[in-house]
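Quick setup: the C-alpha coordinates below cover two forms of a single protein chain, split into structure 1 and structure 2.
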Structure 1
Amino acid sequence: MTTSALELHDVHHVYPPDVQALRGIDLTVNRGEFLAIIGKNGSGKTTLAKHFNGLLKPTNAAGRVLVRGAQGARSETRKLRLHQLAGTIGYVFQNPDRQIFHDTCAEELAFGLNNMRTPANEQEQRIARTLSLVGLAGCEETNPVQMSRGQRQRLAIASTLVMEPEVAVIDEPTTGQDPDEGRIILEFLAQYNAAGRTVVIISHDMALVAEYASRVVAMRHGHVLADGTPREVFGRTDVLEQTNIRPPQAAVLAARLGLTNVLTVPEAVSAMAASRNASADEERPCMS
(Lines of atoms letter the chains of each structure in order from A and count residues from 1; the text may use other names and numbers.)
(Lines give C-alpha, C1' and ligand atoms only; values in the text may rest on other atoms or scores of the structure.)
Protein backbone atom coordinates (compact mmCIF):
# COMPACT_ATOMS: atom_id res chain seq x y z
CA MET A 1 0.00 0.00 0.00
CA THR A 2 1.40 3.40 -0.99
CA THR A 3 1.70 5.94 1.82
CA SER A 4 1.97 9.65 1.20
CA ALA A 5 4.85 11.64 2.69
CA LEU A 6 3.52 15.03 1.52
CA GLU A 7 0.17 16.20 0.22
CA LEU A 8 -0.60 19.57 -1.36
CA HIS A 9 -4.19 20.56 -1.97
CA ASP A 10 -5.16 23.65 -4.01
CA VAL A 11 -1.95 25.48 -3.10
CA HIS A 12 -1.58 29.02 -4.41
CA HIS A 13 1.25 31.37 -3.60
CA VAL A 14 1.36 35.06 -4.47
CA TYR A 15 4.44 37.22 -3.89
CA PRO A 16 3.73 40.93 -3.35
CA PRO A 17 2.53 42.92 -5.09
CA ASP A 18 0.83 40.40 -7.39
CA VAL A 19 3.26 37.74 -8.64
CA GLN A 20 1.42 34.43 -9.09
CA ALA A 21 4.11 31.86 -8.30
CA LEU A 22 1.87 28.82 -7.70
CA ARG A 23 -1.59 28.41 -9.19
CA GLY A 24 -3.66 25.70 -7.51
CA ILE A 25 -1.14 22.91 -7.04
CA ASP A 26 -2.51 19.47 -6.19
CA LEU A 27 0.33 17.05 -5.61
CA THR A 28 1.04 13.95 -3.55
CA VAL A 29 4.61 12.84 -2.87
CA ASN A 30 4.71 9.21 -1.82
CA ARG A 31 7.00 7.79 0.81
CA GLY A 32 10.11 6.22 -0.71
CA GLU A 33 9.97 8.14 -4.01
CA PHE A 34 12.92 9.82 -5.69
CA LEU A 35 11.18 12.84 -7.18
CA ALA A 36 12.76 15.40 -9.51
CA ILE A 37 11.08 18.78 -10.08
CA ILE A 38 12.09 20.35 -13.38
CA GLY A 39 11.21 23.45 -15.37
CA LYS A 40 12.82 26.66 -16.56
CA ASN A 41 13.68 29.51 -14.19
CA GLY A 42 10.57 31.20 -12.82
CA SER A 43 8.34 28.17 -13.29
CA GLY A 44 7.67 27.84 -9.54
CA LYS A 45 9.98 24.94 -8.67
CA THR A 46 11.68 26.46 -5.63
CA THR A 47 8.49 28.12 -4.40
CA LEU A 48 6.81 24.71 -4.51
CA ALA A 49 9.65 23.00 -2.66
CA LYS A 50 9.70 25.63 0.09
CA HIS A 51 6.09 24.73 0.89
CA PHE A 52 7.18 21.18 1.73
CA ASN A 53 8.90 22.18 4.99
CA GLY A 54 6.91 25.28 5.85
CA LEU A 55 9.43 27.89 4.69
CA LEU A 56 6.48 29.22 2.69
CA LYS A 57 2.78 28.77 3.37
CA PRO A 58 -0.13 28.88 0.89
CA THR A 59 -1.41 32.42 0.49
CA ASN A 60 -4.97 31.24 -0.16
CA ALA A 61 -7.18 30.18 2.74
CA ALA A 62 -8.14 26.86 1.15
CA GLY A 63 -4.56 25.79 0.37
CA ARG A 64 -3.25 22.97 2.54
CA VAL A 65 0.12 21.22 2.85
CA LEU A 66 0.09 18.01 4.89
CA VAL A 67 3.22 16.27 6.16
CA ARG A 68 3.27 12.70 7.44
CA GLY A 69 5.73 12.05 10.28
CA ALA A 70 7.64 8.87 11.08
CA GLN A 71 4.76 7.62 13.26
CA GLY A 72 2.25 8.07 10.45
CA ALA A 73 0.35 11.09 11.78
CA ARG A 74 -0.43 13.87 9.29
CA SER A 75 0.11 17.51 10.24
CA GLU A 76 -0.66 20.72 8.40
CA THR A 77 2.36 22.99 7.91
CA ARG A 78 0.27 26.10 8.73
CA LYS A 79 -0.04 24.83 12.29
CA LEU A 80 3.62 23.97 12.84
CA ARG A 81 6.78 26.01 13.36
CA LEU A 82 9.90 25.37 11.27
CA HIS A 83 11.79 23.58 14.06
CA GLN A 84 8.85 21.18 14.47
CA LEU A 85 9.14 20.18 10.82
CA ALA A 86 12.95 19.99 10.65
CA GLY A 87 13.15 16.41 11.90
CA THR A 88 10.70 15.23 9.26
CA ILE A 89 11.49 17.44 6.26
CA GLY A 90 15.11 18.40 5.58
CA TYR A 91 15.72 21.28 3.16
CA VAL A 92 18.98 22.22 1.43
CA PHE A 93 19.17 25.62 -0.25
CA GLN A 94 20.65 26.12 -3.70
CA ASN A 95 23.19 28.51 -2.19
CA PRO A 96 25.02 26.67 0.63
CA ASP A 97 26.17 29.93 2.18
CA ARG A 98 22.59 30.58 3.26
CA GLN A 99 22.76 27.75 5.78
CA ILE A 100 26.42 27.27 6.74
CA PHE A 101 27.40 29.32 9.79
CA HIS A 102 29.84 27.32 11.95
CA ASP A 103 33.65 27.37 12.04
CA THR A 104 34.21 23.66 11.32
CA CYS A 105 32.44 20.98 9.32
CA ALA A 106 31.93 18.86 12.43
CA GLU A 107 30.23 21.74 14.23
CA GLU A 108 28.01 22.32 11.20
CA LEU A 109 26.74 18.74 11.26
CA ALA A 110 26.53 18.65 15.06
CA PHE A 111 24.16 21.64 15.18
CA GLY A 112 21.12 19.69 14.03
CA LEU A 113 22.10 16.60 16.01
CA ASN A 114 22.37 18.70 19.19
CA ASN A 115 18.89 20.06 18.59
CA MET A 116 17.68 16.48 18.30
CA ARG A 117 19.54 15.62 21.54
CA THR A 118 21.56 12.89 19.81
CA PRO A 119 24.09 11.27 22.23
CA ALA A 120 27.68 12.52 21.78
CA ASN A 121 29.14 9.11 20.88
CA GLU A 122 26.50 8.60 18.20
CA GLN A 123 27.07 12.12 16.87
CA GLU A 124 30.74 11.43 16.20
CA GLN A 125 29.95 8.27 14.23
CA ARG A 126 27.17 9.88 12.19
CA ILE A 127 29.25 12.95 11.38
CA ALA A 128 32.23 10.90 10.17
CA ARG A 129 30.00 8.54 8.16
CA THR A 130 28.01 11.33 6.49
CA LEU A 131 31.08 13.40 5.58
CA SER A 132 32.66 10.31 4.04
CA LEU A 133 29.56 9.54 1.98
CA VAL A 134 29.57 13.03 0.41
CA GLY A 135 33.29 12.90 -0.36
CA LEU A 136 34.45 15.04 2.59
CA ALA A 137 36.13 12.35 4.71
CA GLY A 138 38.64 13.80 7.16
CA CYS A 139 37.27 17.35 6.91
CA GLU A 140 35.78 17.44 10.41
CA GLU A 141 38.03 20.31 11.55
CA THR A 142 38.10 22.19 8.23
CA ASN A 143 36.66 25.70 8.23
CA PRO A 144 33.96 25.93 5.52
CA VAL A 145 35.29 29.33 4.36
CA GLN A 146 38.42 27.51 3.16
CA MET A 147 36.39 25.11 1.00
CA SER A 148 35.32 25.41 -2.61
CA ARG A 149 31.74 26.26 -3.61
CA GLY A 150 31.15 22.62 -4.53
CA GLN A 151 32.53 21.34 -1.23
CA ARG A 152 30.32 23.75 0.71
CA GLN A 153 27.32 22.49 -1.24
CA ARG A 154 28.14 18.93 -0.21
CA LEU A 155 28.62 20.10 3.38
CA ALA A 156 25.18 21.74 3.35
CA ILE A 157 23.64 18.49 2.10
CA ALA A 158 25.50 16.50 4.75
CA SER A 159 24.41 18.87 7.54
CA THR A 160 20.78 18.19 6.64
CA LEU A 161 20.93 14.48 5.91
CA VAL A 162 22.97 13.66 9.02
CA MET A 163 19.69 14.22 10.91
CA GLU A 164 18.06 11.50 8.76
CA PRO A 165 14.80 13.31 7.95
CA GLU A 166 11.95 11.29 6.46
CA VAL A 167 11.97 13.59 3.39
CA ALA A 168 15.09 15.29 2.01
CA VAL A 169 14.50 18.25 -0.32
CA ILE A 170 17.59 19.49 -2.17
CA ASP A 171 17.54 22.52 -4.46
CA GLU A 172 20.08 21.98 -7.28
CA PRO A 173 22.26 19.36 -5.52
CA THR A 174 24.95 19.40 -8.23
CA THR A 175 25.51 23.17 -8.33
CA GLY A 176 29.24 23.93 -8.29
CA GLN A 177 30.17 20.27 -8.79
CA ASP A 178 32.15 18.71 -11.61
CA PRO A 179 30.53 15.61 -13.20
CA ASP A 180 32.30 13.17 -10.86
CA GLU A 181 31.38 15.19 -7.76
CA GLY A 182 27.80 15.49 -8.94
CA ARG A 183 27.58 11.74 -9.28
CA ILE A 184 28.93 11.27 -5.74
CA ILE A 185 26.05 13.37 -4.44
CA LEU A 186 23.40 11.57 -6.51
CA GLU A 187 24.77 8.18 -5.45
CA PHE A 188 24.55 9.30 -1.82
CA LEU A 189 20.97 10.46 -2.32
CA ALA A 190 20.15 7.18 -4.07
CA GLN A 191 21.45 5.26 -1.06
CA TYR A 192 19.41 7.48 1.23
CA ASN A 193 16.35 6.78 -0.91
CA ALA A 194 17.07 3.02 -1.00
CA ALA A 195 16.89 3.03 2.81
CA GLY A 196 13.18 3.88 2.47
CA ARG A 197 13.30 7.66 2.74
CA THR A 198 11.88 10.16 0.29
CA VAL A 199 14.17 12.34 -1.81
CA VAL A 200 13.07 15.42 -3.74
CA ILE A 201 15.50 17.34 -5.94
CA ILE A 202 15.17 20.43 -8.09
CA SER A 203 17.54 20.06 -11.00
CA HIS A 204 18.53 21.33 -14.43
CA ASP A 205 20.72 18.27 -15.06
CA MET A 206 18.42 16.12 -17.16
CA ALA A 207 20.94 13.29 -17.52
CA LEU A 208 21.08 12.77 -13.76
CA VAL A 209 17.30 13.21 -13.46
CA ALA A 210 16.80 10.48 -16.06
CA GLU A 211 19.22 8.14 -14.34
CA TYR A 212 18.25 8.56 -10.71
CA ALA A 213 14.68 9.86 -10.37
CA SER A 214 11.75 7.46 -10.19
CA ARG A 215 9.29 10.28 -10.86
CA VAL A 216 9.47 13.67 -12.58
CA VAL A 217 7.22 16.70 -12.14
CA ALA A 218 7.59 19.33 -14.87
CA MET A 219 6.40 22.85 -14.03
CA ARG A 220 5.47 25.91 -16.06
CA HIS A 221 4.03 29.24 -14.87
CA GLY A 222 3.15 27.87 -11.43
CA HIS A 223 1.31 24.81 -12.79
CA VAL A 224 2.25 21.13 -12.91
CA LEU A 225 2.54 20.52 -16.64
CA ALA A 226 3.47 16.84 -16.50
CA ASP A 227 3.87 14.18 -13.83
CA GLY A 228 5.18 10.68 -14.45
CA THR A 229 8.27 8.52 -14.81
CA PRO A 230 11.33 10.07 -16.51
CA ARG A 231 10.58 8.03 -19.62
CA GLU A 232 6.98 9.27 -19.73
CA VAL A 233 7.82 12.95 -19.16
CA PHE A 234 10.85 13.10 -21.46
CA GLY A 235 8.81 11.30 -24.10
CA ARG A 236 6.30 14.18 -24.29
CA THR A 237 7.52 16.61 -26.92
CA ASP A 238 4.77 19.09 -26.00
CA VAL A 239 6.13 19.32 -22.45
CA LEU A 240 9.73 19.72 -23.60
CA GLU A 241 8.77 22.50 -25.99
CA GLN A 242 6.79 24.45 -23.39
CA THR A 243 9.44 24.16 -20.66
CA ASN A 244 12.50 24.70 -22.88
CA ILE A 245 13.92 21.47 -21.51
CA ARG A 246 16.11 19.29 -23.67
CA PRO A 247 16.03 15.55 -23.07
CA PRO A 248 19.26 13.91 -21.81
CA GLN A 249 22.12 14.00 -24.31
CA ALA A 250 22.22 10.19 -24.36
CA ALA A 251 18.62 10.18 -25.60
CA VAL A 252 19.37 12.83 -28.24
CA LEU A 253 22.39 10.90 -29.55
CA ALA A 254 20.50 7.62 -29.57
CA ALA A 255 17.63 9.18 -31.52
CA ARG A 256 20.07 10.45 -34.15
CA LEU A 257 21.37 6.91 -34.49
CA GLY A 258 17.86 5.58 -34.92
CA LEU A 259 17.68 4.01 -31.47
CA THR A 260 14.45 4.36 -29.49
CA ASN A 261 13.44 4.08 -25.83
CA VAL A 262 16.85 5.30 -24.62
CA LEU A 263 17.29 7.82 -21.79
CA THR A 264 20.56 7.14 -19.98
CA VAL A 265 24.17 6.50 -20.98
CA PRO A 266 24.06 2.81 -19.89
CA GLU A 267 20.90 2.34 -21.96
CA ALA A 268 22.56 4.01 -24.95
CA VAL A 269 25.64 1.76 -24.65
CA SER A 270 23.45 -1.36 -24.41
CA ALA A 271 21.28 -0.29 -27.36
CA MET A 272 24.30 0.46 -29.56
CA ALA A 273 25.90 -2.87 -28.65
CA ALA A 274 22.68 -4.71 -29.46
CA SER A 275 22.37 -2.86 -32.77
CA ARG A 276 25.98 -3.65 -33.67
CA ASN A 277 25.52 -7.35 -32.84
CA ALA A 278 22.33 -7.48 -34.90
CA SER A 279 24.14 -5.93 -37.87
CA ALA A 280 26.99 -8.42 -37.51
CA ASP A 281 24.52 -11.32 -37.51
CA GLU A 282 22.91 -10.03 -40.69
CA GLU A 283 26.27 -9.76 -42.45
CA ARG A 284 27.57 -13.17 -41.33
CA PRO A 285 27.70 -15.55 -44.38
CA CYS A 286 25.77 -18.78 -44.30
CA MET A 287 27.82 -21.88 -43.57
CA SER A 288 27.61 -24.62 -46.18
Structure 2
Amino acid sequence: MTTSALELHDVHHVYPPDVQALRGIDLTVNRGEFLAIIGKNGSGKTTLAKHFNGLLKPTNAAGRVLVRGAQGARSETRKLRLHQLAGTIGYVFQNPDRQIFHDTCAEELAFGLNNMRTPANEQEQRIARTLSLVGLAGCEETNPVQMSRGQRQRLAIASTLVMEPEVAVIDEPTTGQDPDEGRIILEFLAQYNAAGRTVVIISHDMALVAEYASRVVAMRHGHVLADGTPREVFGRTDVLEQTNIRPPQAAVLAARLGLTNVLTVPEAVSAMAASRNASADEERPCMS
Protein backbone atom coordinates (compact mmCIF):
# COMPACT_ATOMS: atom_id res chain seq x y z
CA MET A 1 0.00 0.00 0.00
CA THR A 2 1.32 3.42 -0.85
CA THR A 3 1.04 6.18 1.67
CA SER A 4 0.69 9.76 0.69
CA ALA A 5 3.37 12.34 1.30
CA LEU A 6 1.22 15.28 0.33
CA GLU A 7 -2.46 15.82 -0.28
CA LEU A 8 -4.05 18.79 -1.98
CA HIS A 9 -7.79 19.30 -1.81
CA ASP A 10 -9.60 21.82 -3.97
CA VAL A 11 -6.71 24.27 -4.08
CA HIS A 12 -7.32 27.57 -5.83
CA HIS A 13 -4.80 30.35 -6.08
CA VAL A 14 -5.52 33.86 -7.29
CA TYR A 15 -2.71 36.38 -7.55
CA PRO A 16 -3.83 39.96 -7.06
CA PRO A 17 -5.64 41.57 -8.71
CA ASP A 18 -7.30 38.67 -10.53
CA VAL A 19 -4.86 36.21 -12.12
CA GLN A 20 -6.33 32.75 -11.62
CA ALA A 21 -3.18 30.62 -11.40
CA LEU A 22 -4.75 27.49 -9.89
CA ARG A 23 -8.39 26.56 -10.42
CA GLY A 24 -9.24 23.66 -8.16
CA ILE A 25 -6.40 21.17 -7.79
CA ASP A 26 -6.96 17.79 -6.17
CA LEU A 27 -3.73 15.88 -6.09
CA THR A 28 -2.04 13.29 -3.94
CA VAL A 29 1.70 12.86 -4.07
CA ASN A 30 2.65 9.38 -2.97
CA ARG A 31 5.61 8.54 -0.84
CA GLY A 32 8.59 7.32 -2.83
CA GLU A 33 7.44 8.45 -6.25
CA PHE A 34 9.33 10.52 -8.80
CA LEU A 35 6.77 13.02 -9.98
CA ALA A 36 7.28 15.38 -12.89
CA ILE A 37 4.98 18.36 -13.39
CA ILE A 38 4.86 19.51 -16.99
CA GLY A 39 2.82 22.05 -18.92
CA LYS A 40 2.77 25.22 -20.90
CA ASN A 41 4.51 28.38 -19.67
CA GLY A 42 2.25 30.10 -17.20
CA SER A 43 0.04 27.06 -16.63
CA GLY A 44 0.59 27.19 -12.86
CA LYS A 45 3.35 24.66 -12.26
CA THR A 46 5.48 26.88 -10.04
CA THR A 47 2.42 28.14 -8.20
CA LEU A 48 1.36 24.55 -7.53
CA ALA A 49 4.80 23.48 -6.34
CA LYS A 50 4.97 26.44 -3.97
CA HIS A 51 1.88 25.09 -2.22
CA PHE A 52 3.63 21.86 -1.36
CA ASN A 53 5.57 23.36 1.52
CA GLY A 54 3.40 26.33 2.30
CA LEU A 55 5.38 28.95 0.38
CA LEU A 56 1.99 29.87 -0.98
CA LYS A 57 -1.35 29.11 0.66
CA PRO A 58 -4.64 28.41 -1.11
CA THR A 59 -6.59 31.62 -1.57
CA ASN A 60 -9.95 29.87 -1.19
CA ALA A 61 -11.13 29.01 2.29
CA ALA A 62 -11.92 25.41 1.36
CA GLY A 63 -8.50 24.71 -0.15
CA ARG A 64 -6.27 22.49 1.96
CA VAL A 65 -2.73 21.18 1.64
CA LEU A 66 -1.83 18.33 3.96
CA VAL A 67 1.69 17.19 4.63
CA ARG A 68 2.37 13.85 6.24
CA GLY A 69 5.16 14.14 8.76
CA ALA A 70 7.66 11.50 9.80
CA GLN A 71 5.25 10.00 12.35
CA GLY A 72 2.51 9.76 9.80
CA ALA A 73 0.50 12.57 11.31
CA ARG A 74 -0.96 14.88 8.73
CA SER A 75 -0.74 18.60 9.20
CA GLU A 76 -2.09 21.44 7.18
CA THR A 77 0.41 23.91 5.72
CA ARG A 78 -1.89 26.79 6.56
CA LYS A 79 -1.21 26.20 10.23
CA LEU A 80 2.55 25.79 9.98
CA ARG A 81 5.47 28.15 9.67
CA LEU A 82 7.83 27.48 6.79
CA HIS A 83 10.87 26.37 8.71
CA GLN A 84 8.89 23.70 10.56
CA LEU A 85 8.56 21.82 7.30
CA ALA A 86 12.17 22.16 6.19
CA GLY A 87 13.18 18.71 7.35
CA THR A 88 10.19 17.17 5.61
CA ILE A 89 9.94 19.09 2.37
CA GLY A 90 12.85 20.68 0.54
CA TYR A 91 12.22 23.30 -2.11
CA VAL A 92 14.62 24.60 -4.74
CA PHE A 93 13.57 27.79 -6.53
CA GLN A 94 13.55 28.36 -10.28
CA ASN A 95 16.34 30.95 -10.13
CA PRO A 96 19.50 29.79 -8.33
CA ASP A 97 20.79 33.27 -7.58
CA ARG A 98 18.12 34.13 -5.08
CA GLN A 99 18.77 31.23 -2.78
CA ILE A 100 22.53 31.32 -2.41
CA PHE A 101 23.76 33.55 0.36
CA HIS A 102 27.16 32.37 1.50
CA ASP A 103 30.73 32.95 0.33
CA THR A 104 31.70 29.33 -0.11
CA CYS A 105 29.92 26.23 -1.28
CA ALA A 106 30.67 24.38 1.95
CA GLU A 107 29.06 27.11 4.06
CA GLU A 108 26.09 27.13 1.75
CA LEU A 109 25.50 23.44 2.41
CA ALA A 110 26.30 23.72 6.10
CA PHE A 111 23.58 26.33 6.62
CA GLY A 112 20.76 23.84 6.32
CA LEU A 113 22.64 21.16 8.25
CA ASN A 114 23.18 23.55 11.14
CA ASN A 115 19.51 24.37 11.21
CA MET A 116 18.79 20.64 11.35
CA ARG A 117 21.27 20.35 14.23
CA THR A 118 23.42 17.87 12.32
CA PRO A 119 26.53 17.03 14.37
CA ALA A 120 29.66 18.76 13.09
CA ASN A 121 31.62 15.56 12.60
CA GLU A 122 28.96 14.26 10.25
CA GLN A 123 28.63 17.49 8.28
CA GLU A 124 31.96 17.53 6.49
CA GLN A 125 31.51 14.13 4.99
CA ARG A 126 27.92 14.75 3.96
CA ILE A 127 28.86 18.02 2.29
CA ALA A 128 31.71 16.45 0.34
CA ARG A 129 29.54 13.55 -0.78
CA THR A 130 26.65 15.72 -1.90
CA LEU A 131 28.91 18.13 -3.80
CA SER A 132 30.53 15.31 -5.68
CA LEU A 133 27.15 13.80 -6.52
CA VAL A 134 26.13 17.00 -8.31
CA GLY A 135 29.43 17.22 -10.13
CA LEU A 136 30.99 19.87 -7.90
CA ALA A 137 33.56 17.69 -6.18
CA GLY A 138 36.33 19.70 -4.57
CA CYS A 139 34.43 22.98 -4.78
CA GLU A 140 34.05 23.31 -0.99
CA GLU A 141 35.98 26.57 -0.79
CA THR A 142 34.86 28.05 -4.11
CA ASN A 143 32.88 31.26 -4.01
CA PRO A 144 29.56 30.72 -5.79
CA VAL A 145 29.89 34.12 -7.45
CA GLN A 146 32.73 32.76 -9.55
CA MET A 147 30.79 29.78 -10.78
CA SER A 148 28.73 29.61 -13.95
CA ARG A 149 24.98 29.79 -13.69
CA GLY A 150 24.65 26.09 -14.35
CA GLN A 151 27.03 25.30 -11.53
CA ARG A 152 25.20 27.60 -9.16
CA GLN A 153 22.00 25.81 -10.01
CA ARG A 154 23.54 22.50 -9.03
CA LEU A 155 24.84 24.11 -5.84
CA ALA A 156 21.33 25.28 -5.01
CA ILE A 157 20.02 21.75 -5.46
CA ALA A 158 22.83 20.31 -3.36
CA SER A 159 22.29 22.76 -0.53
CA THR A 160 18.69 21.65 -0.14
CA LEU A 161 19.11 17.93 -0.70
CA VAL A 162 22.05 17.69 1.69
CA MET A 163 19.41 18.07 4.41
CA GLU A 164 17.77 14.90 3.11
CA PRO A 165 14.15 16.02 3.24
CA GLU A 166 11.49 13.36 2.79
CA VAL A 167 10.13 15.20 -0.22
CA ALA A 168 12.37 17.20 -2.56
CA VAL A 169 10.61 19.74 -4.79
CA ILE A 170 12.80 21.19 -7.54
CA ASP A 171 11.61 23.84 -9.97
CA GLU A 172 13.27 23.32 -13.37
CA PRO A 173 16.44 21.53 -12.26
CA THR A 174 17.98 21.36 -15.73
CA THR A 175 17.47 24.84 -17.16
CA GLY A 176 20.64 26.12 -18.71
CA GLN A 177 22.43 22.82 -18.34
CA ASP A 178 24.38 21.02 -20.99
CA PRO A 179 22.89 17.56 -21.85
CA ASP A 180 25.62 15.83 -19.82
CA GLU A 181 25.10 18.12 -16.85
CA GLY A 182 21.35 17.68 -16.99
CA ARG A 183 21.92 13.98 -16.79
CA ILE A 184 24.20 14.34 -13.77
CA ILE A 185 21.43 16.17 -11.96
CA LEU A 186 18.73 13.68 -12.89
CA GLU A 187 20.96 10.75 -11.94
CA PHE A 188 21.50 12.40 -8.59
CA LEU A 189 17.77 12.86 -8.12
CA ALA A 190 17.09 9.28 -9.20
CA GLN A 191 19.55 8.05 -6.62
CA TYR A 192 17.89 10.23 -4.01
CA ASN A 193 14.57 8.77 -5.01
CA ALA A 194 15.88 5.21 -4.93
CA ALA A 195 16.60 5.66 -1.23
CA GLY A 196 12.84 5.73 -0.72
CA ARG A 197 12.32 9.47 -0.74
CA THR A 198 9.90 11.45 -2.85
CA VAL A 199 11.13 13.68 -5.67
CA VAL A 200 8.99 16.26 -7.46
CA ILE A 201 10.41 18.18 -10.40
CA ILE A 202 9.01 20.75 -12.80
CA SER A 203 10.54 20.38 -16.22
CA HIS A 204 10.24 21.21 -19.90
CA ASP A 205 12.75 18.52 -20.88
CA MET A 206 10.52 15.69 -21.99
CA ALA A 207 13.33 13.26 -22.75
CA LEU A 208 14.53 13.43 -19.17
CA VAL A 209 10.99 13.32 -17.81
CA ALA A 210 10.21 10.23 -19.84
CA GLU A 211 13.33 8.52 -18.72
CA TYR A 212 13.34 9.32 -15.02
CA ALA A 213 9.85 10.13 -13.77
CA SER A 214 7.52 7.47 -12.44
CA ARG A 215 4.51 9.73 -12.72
CA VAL A 216 3.68 12.78 -14.82
CA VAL A 217 1.15 15.50 -14.08
CA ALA A 218 0.35 17.72 -17.06
CA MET A 219 -1.10 21.14 -16.30
CA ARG A 220 -3.06 23.63 -18.31
CA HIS A 221 -4.70 26.89 -17.22
CA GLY A 222 -4.43 26.00 -13.55
CA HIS A 223 -6.01 22.56 -13.94
CA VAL A 224 -4.49 19.11 -13.92
CA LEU A 225 -5.15 17.92 -17.43
CA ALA A 226 -3.56 14.50 -17.25
CA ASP A 227 -2.05 12.40 -14.52
CA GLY A 228 -0.39 9.04 -15.00
CA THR A 229 2.81 7.25 -15.92
CA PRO A 230 4.95 8.96 -18.57
CA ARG A 231 3.80 6.29 -20.99
CA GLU A 232 0.13 7.06 -20.38
CA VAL A 233 0.50 10.83 -20.50
CA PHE A 234 2.76 10.97 -23.55
CA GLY A 235 0.40 8.55 -25.25
CA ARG A 236 -2.49 10.98 -25.06
CA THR A 237 -2.23 13.13 -28.16
CA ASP A 238 -5.20 15.28 -27.09
CA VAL A 239 -3.38 16.28 -23.93
CA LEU A 240 -0.11 16.96 -25.69
CA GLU A 241 -1.67 19.38 -28.10
CA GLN A 242 -3.31 21.41 -25.37
CA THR A 243 -0.26 21.64 -23.14
CA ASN A 244 2.38 22.76 -25.66
CA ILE A 245 4.20 19.53 -24.87
CA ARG A 246 5.88 17.16 -27.28
CA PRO A 247 6.90 13.63 -26.33
CA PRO A 248 10.60 12.77 -26.53
CA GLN A 249 11.97 12.62 -30.06
CA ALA A 250 12.36 8.83 -30.03
CA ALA A 251 8.67 8.49 -29.17
CA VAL A 252 7.66 10.89 -31.93
CA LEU A 253 9.74 8.93 -34.42
CA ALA A 254 8.21 5.62 -33.39
CA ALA A 255 4.70 7.07 -33.50
CA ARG A 256 5.31 8.34 -37.02
CA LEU A 257 6.27 4.79 -37.99
CA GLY A 258 3.08 3.44 -36.48
CA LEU A 259 4.81 1.86 -33.49
CA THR A 260 2.97 2.46 -30.25
CA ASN A 261 4.00 2.36 -26.63
CA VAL A 262 7.54 3.68 -27.26
CA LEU A 263 9.05 6.30 -24.99
CA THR A 264 12.83 6.05 -24.91
CA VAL A 265 15.69 5.44 -27.32
CA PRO A 266 16.21 1.75 -26.39
CA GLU A 267 12.49 1.12 -26.78
CA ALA A 268 12.44 2.79 -30.17
CA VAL A 269 15.42 0.73 -31.24
CA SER A 270 13.91 -2.58 -30.26
CA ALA A 271 10.47 -1.73 -31.63
CA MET A 272 11.94 -0.66 -34.94
CA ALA A 273 14.21 -3.68 -35.13
CA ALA A 274 11.28 -5.95 -34.39
CA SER A 275 9.12 -4.36 -37.04
CA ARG A 276 11.96 -4.67 -39.55
CA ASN A 277 12.35 -8.35 -38.83
CA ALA A 278 8.61 -8.87 -39.03
CA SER A 279 8.36 -7.25 -42.40
CA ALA A 280 11.50 -9.02 -43.60
CA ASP A 281 9.87 -12.33 -42.75
CA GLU A 282 6.78 -11.33 -44.64
CA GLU A 283 8.03 -10.27 -47.99
CA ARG A 284 11.61 -8.99 -47.95
CA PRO A 285 11.00 -5.42 -49.10
CA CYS A 286 13.51 -4.01 -51.51
CA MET A 287 15.96 -1.79 -49.74
CA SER A 288 17.86 0.44 -52.01
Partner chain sequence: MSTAPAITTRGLTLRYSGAERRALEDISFDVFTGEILGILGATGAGKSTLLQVLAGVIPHHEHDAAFRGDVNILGRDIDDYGSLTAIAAEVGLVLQDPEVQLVNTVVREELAWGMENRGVPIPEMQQRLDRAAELFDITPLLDRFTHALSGGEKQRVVVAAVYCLSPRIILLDEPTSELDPAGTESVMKAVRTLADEGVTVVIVDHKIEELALYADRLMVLDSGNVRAVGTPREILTRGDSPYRPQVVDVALELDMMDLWPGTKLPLGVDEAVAIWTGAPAPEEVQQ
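In this text, rigid core is short for the largest set of C-alphas that superpose within 1.5 Å between two forms. Throughout, residue numbering runs from 1 along the sequence of structure 1. Computed from a predicted model, the values in this text were never measured in an experiment.
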Structure identified as the form predicted together with the partner chain: 2
Does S270 move its CA by 2 angstroms or more between structures 1 and 2 when the core is aligned? yes
